[in-house]
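Before any questions on binding or motion, here is one chain by itself as structure tokens, the form predicted alone.
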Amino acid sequence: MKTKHLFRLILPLIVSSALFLSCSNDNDDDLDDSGSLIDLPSERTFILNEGSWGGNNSNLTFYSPETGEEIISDIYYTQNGKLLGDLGQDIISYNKDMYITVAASKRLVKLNSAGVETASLSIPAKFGDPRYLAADDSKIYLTVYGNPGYVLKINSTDLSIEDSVAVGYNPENIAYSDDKLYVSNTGYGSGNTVAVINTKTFKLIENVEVLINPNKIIETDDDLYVISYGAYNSDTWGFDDMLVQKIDEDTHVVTDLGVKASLIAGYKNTVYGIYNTTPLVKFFTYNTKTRQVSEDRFLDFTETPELTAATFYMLSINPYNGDIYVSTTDYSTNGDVYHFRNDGSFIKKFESGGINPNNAVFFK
């Protein structure tokens, strides 16, 4: 593994205005490298490290899937000369940019495809912590904690807040599909609905009843998939509750898939799930066409046997080629990231560069 040291990268470039000089990338004219200190390959993976509560140690790691060798463990600091903040909650890519919520620091950050900050928003005091993101039609949609909680509609260019709509107590994950937003109303362990918002009118139009404490939600192949965690105040609460349900996009009929997952992701006509349980981690795939569930492991651990009993924190899939990225955590030291092909074959393991690597975005 080849790690680029921060000061080796930037010292030759330090002049009075060096932090904001443009550096072009001839490999891909579609990528926005304005303001970048460094040239990056055209294929780019960025991994958000959540950090620890109160540690002000969230950061962003760059990884080159083309070579598997170029790794920059805190590219946000490298490019911007400052820390990202406290608790990096979520990251999405949209229109050649990245958007990151930093929950405890109560801000939304916009970066270009080289990791240079181009705008930021401090969440107004009347709202709670920023949580999860979705995007469409030049708008960023952000869930914020509260009772009620809200979804904010934000201009993707300058991050100005254009509107807000109240949903349930402490909303978490959010997904977009066909002019609608689907928002998990966790109720901090007591909620049992997914709010549906019309993005054209920006009004709440329905609450779909699901199992208690819905949290992670994704859209893939024109349907929604949500994990319900179970009631936090239950004597039996734990990973035994992580039930996966499908919400039909047209009818909003809810179907229990009969499997459990801590993490889910979608690619083409497949939903992938990982279930953190002891003594061995479990896996499933769901074919959205045949509606068949397989509980066979979709990753080959021949070269990575330690993963059979690991604690997984991230499951992200590269939308360009289906490559699968997973991470592990012990909640206190830097995590590890594992890169697999879509057929499950192992490619690369590398240190994430931060605590709790929780999500990845991709550019090509």
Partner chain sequence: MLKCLTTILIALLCCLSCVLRAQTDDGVQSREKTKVDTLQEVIVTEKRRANTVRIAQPLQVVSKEEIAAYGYGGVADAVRRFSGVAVKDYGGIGGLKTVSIRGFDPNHTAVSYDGVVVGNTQAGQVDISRFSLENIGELSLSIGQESDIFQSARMLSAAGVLNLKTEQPDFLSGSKEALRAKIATASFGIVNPSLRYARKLGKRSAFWVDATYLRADGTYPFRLKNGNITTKEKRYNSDVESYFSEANYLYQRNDSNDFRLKVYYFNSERGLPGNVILYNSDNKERLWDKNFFTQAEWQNKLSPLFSLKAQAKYTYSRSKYRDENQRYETGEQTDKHRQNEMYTSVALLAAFSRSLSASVSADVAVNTLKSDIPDALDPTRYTTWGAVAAKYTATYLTLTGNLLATYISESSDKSEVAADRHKLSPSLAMVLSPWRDVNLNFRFLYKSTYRNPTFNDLYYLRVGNRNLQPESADEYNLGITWSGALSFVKYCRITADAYRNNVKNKIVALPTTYVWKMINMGKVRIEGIDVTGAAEIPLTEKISLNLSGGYTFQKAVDVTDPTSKTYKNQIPYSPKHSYNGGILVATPLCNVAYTFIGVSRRYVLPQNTEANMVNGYTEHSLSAHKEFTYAGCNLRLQGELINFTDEQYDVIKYYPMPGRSFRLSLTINY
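The structure presented is a predicted model; accordingly, all values stated were derived computationally and were not measured. Positions refer to the first chain, counted from 1.
From this point on, the text means the form predicted together with the partner chain, which you will not see here.
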Taking the partner chain in the predicted bound form as the reference, which of 170, 215, 199, 193 has a non-hydrogen atom within 4.5 Å?
-> 170
Selected contact from 165, 91, 242, 224, since only one has a non-hydrogen atom within 4.5 angstroms of the partner chain in the predicted bound form = 242
Using heavy atoms and a 4.5 Å limit, would one call residue 284 a contact residue for the partner chain in the predicted bound form?
-> no
Non-hydrogen atom contact residue 331 with the partner chain in the predicted bound form at 4.5 angstroms | yes
Find out whether any non-hydrogen atom of residue 56 is located within 4.5 angstroms of the partner chain in the predicted bound form, and reply yes or no.
-> yes
Residue 139 within 4.5 Å of the partner chain in the predicted bound form, heavy atoms | no
Region of this chain that lies against the partner chain in the predicted bound form, out of 215-223, 72-80, 91-99, 174-182 [heavy atom, 4.5 Å] | 72-80
Within 130-154, the residues that have a heavy atom no more than 4.5 Å from the partner chain in the predicted bound form = 145, 146, 147
